[in-house]
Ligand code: PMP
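Single chain ahead, written as structure tokens, the form predicted on its own.
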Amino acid sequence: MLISERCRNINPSKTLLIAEQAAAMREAGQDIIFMNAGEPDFDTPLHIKAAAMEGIQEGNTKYTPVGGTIQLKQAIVDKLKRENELDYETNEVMATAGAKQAIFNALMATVNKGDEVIIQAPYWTSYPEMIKLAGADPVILPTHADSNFKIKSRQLSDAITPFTKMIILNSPSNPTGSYYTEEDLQMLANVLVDHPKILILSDDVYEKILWDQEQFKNIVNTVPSFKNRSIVVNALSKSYAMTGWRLGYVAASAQIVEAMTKIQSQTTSNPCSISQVAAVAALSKNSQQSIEEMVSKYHNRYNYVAERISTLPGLTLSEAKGSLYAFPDATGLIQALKLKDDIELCQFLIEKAKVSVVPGSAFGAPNHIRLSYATSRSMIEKAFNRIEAAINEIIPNNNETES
């Protein structure tokens, strides 16, 4: 075979495949509304772009140290102290080409063949595939709406084996928007404290896109003694509307950061030098107002999406606390439309409503769909009007039933 067994054993990103299909339809002249990608529709704040342009003019266009410039590392340390009450040194942080590379580096640096990595379902689509690429085995714990899509302590305890090497926590979650409170994290910590060799990867990418909470907390905030066994991952993509800049970062023990840097040195080497200059500006105190304005709009959009979903037949939505997504259970709608599953429902929506969403099976949650509200309010309204019209063609008594 020309293709490696490693590659044959993993699946391509379904979210990217669906985005490519929708883009191809748009290129062919069809009026497609994208509600599939988690990419902020806001532009990168002006002060961040200005810093990048200044960096270009000053000649910051060369290779940098693999894990980032000392200026960026200090900015990361300062941000973690100021905003997260976490104390790290510059040798305990590094920059990466996005959070995805950070997570991949962490897995490659810490897990071995035969190790097990616990993740919950619904999960971000890349978790199980990256775990398999690293040679380990994903152990998937199903969660449901009645538990607010969160792992319970007994469930975690039952899943731990002598081969468990890591657990990945993503809060607020992609795709559900669920959030682990300090109480939730403490219950998981009560289990993990008896297993000191298990690492904890905290994916905090959506930390700022959070509402109804006083302040974001991760497991290191909850249990400071877990610091040396935790890998905190974050990025500038969502909070600062910097998806294309590809800049993520990690905070962990010096030993783990050194190992991750070694992995990165033999793959991509340093992240983009200009993105690093922009990241220093993004992580400063000056960015908070623009973030608050974006999050306020996201929250308003989510409320509107939740309201519209409540009027559609066969969709049940659990309340989200943050992120960029609504993740309704579509079992009833699939049955009412006489479709097979969430894949067919997504095909129905893109063909009949010209709206692109992602099937829940891509996240380990069949018969759900993920709708992103990282687009304008007017476009969201248009999308739901189309969805409603397409459903009413098949279930013409929908409005009468609701009344």
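Since this is a predicted model, take the numbers as computed values, not measurements. One-based numbering along the sequence shown.
From this point on, the text means the form predicted together with the ligand, which you will not see here.
| query | Does Trp124 reach the ligand in the predicted complex, with heavy atoms at most 4.5 Å apart? | reply | The answer is yes: Trp124 has a heavy atom within 4.5 Å of the ligand.
(request) May I ask you to state whether Ser230 is within 4.5 Å of the ligand in the predicted complex, using heavy atom distances? (result) No, no contact at 4.5 Å.
With the partner left out of view, is Asp203 within 4.5 angstroms of the ligand in the predicted complex by any non-hydrogen atom? It does: once the ligand is placed as it appears in the predicted complex, Asp203 has a heavy atom within 4.5 Å of it.
query = Should Ala99 be counted as a contact of the ligand in the predicted complex, where contact means heavy atoms within 4.5 Å?
reply = Contact check for Ala99: yes, within 4.5 Å of the ligand in the predicted complex.
For the ligand, considered in the predicted complex: do all three of Lys81, Val250 and Ser284 come within 4.5 Å of it, counting heavy atoms only?
Contact check failed for every one of Lys81, Val250 and Ser284.
* Considering the ligand in the predicted complex, find the one stretch among 190-198, 166-174, 275-283, 109-117 with heavy atoms no farther than 4.5 Å from it. => Selected stretch: 166-174.
Original post:
Can you pick the one in Ala235, Val220, Leu72, Ile131 that has a heavy atom within 4.5 Å of the ligand in the predicted complex?
Top reply: Residue within 4.5 Å of the partner: Ala235.
task: Would you kindly say which of Lys297, Arg246, Lys152, Lys262 lies with a heavy atom within 4.5 Å of the ligand in the predicted complex?
output: Looking at the other structure, the residue within range turns out to be Arg246.
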